[in-house]
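One chain comes next, on its own, written out as structure tokens in the form predicted on its own.
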Amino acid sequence: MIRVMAFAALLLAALPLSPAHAVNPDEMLADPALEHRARVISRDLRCLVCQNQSIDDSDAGLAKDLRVLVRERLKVGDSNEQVIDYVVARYGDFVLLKPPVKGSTIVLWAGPAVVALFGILALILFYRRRRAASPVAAKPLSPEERARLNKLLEGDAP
């Protein structure tokens, strides 16, 4: 059992080391510099089908279309920023894996912190109520009370 768990841990540790690029050889540009720029841009663009994968890693058809679009824009002579602006103009800020901080994306950036704060507040309230509902420890009996209890238990009650 320990060997299986060690193998699984080793396999999980090695997963991030093996990149899962979905770029097909027929999509790649002949110019290595342009191809490198296309890969850099593709790593920052979100696959609209797979949600949290870049188009560089996604096997979805739409991701392939976006990779081809990025390469076409680079062949035309666009800069990296112009390519990204073009894609954002068509699909919105959602297509960026790291959307900019602005009014329309503030929920994306502040949402997790707000949810975490509500979670912490809920935990604090839960433990306060739990502590208040727990029974109070009984005080020990005084000698007079103990003597009266003994009389009651012996049946000599007045």
Partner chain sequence: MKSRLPYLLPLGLFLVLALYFAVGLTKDPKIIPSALIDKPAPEFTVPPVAGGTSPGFSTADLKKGQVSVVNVFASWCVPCRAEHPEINKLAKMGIVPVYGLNYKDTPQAARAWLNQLGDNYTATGADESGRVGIDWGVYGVPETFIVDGSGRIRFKHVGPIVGDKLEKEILPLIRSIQGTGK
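Numbering follows the first chain given and starts at 1. Since the structure is predicted, the reported quantities are computational estimates derived from the model, not experimental observations. We call the rigid core the largest set of C-alpha positions that still match within 1.5 Å between the two forms.
Another form, the form predicted in complex with its partner chain, is not on view; read the next lines as being about it.
Among V107, A33, L123, V101, the residue placing a heavy atom within 4.5 Å of its partner chain in the model of the complex is V107. Proximity to its partner chain in the model of the complex, defined as a heavy atom within 4.5 Å, holds among M28, L69, V40, L96 only for L69.
Put simply, R90 is close to its partner chain in the model of the complex: some heavy atom of it is within 4.5 Å.
Taking the partner from elsewhere, D44 is found to have every heavy atom lying beyond 4.5 Å of its partner chain in the model of the complex. Its partner chain in the model of the complex is not approached by D59, whose heavy atoms all lie more than 4.5 angstroms from it. Under a 4.5 angstroms non-hydrogen atom cutoff, its partner chain in the model of the complex lacks R131 among its neighbouring residues. Of all the residues from 26 to 62, those having a non-hydrogen atom no more than 4.5 Å from its partner chain in the model of the complex are L48, V49, Q51, G61, L62. A displacement of less than 2 angstroms separates the C-alpha positions of L97 between this form and the one not shown, with the rigid core held in common.
With the core held fixed between this form and the one not shown, G119 has its Cα displaced by at least 2 Å. I106 is among the residues whose C-alpha shifts by 2 Å or more between this form and the one not shown once the rigid core is aligned.
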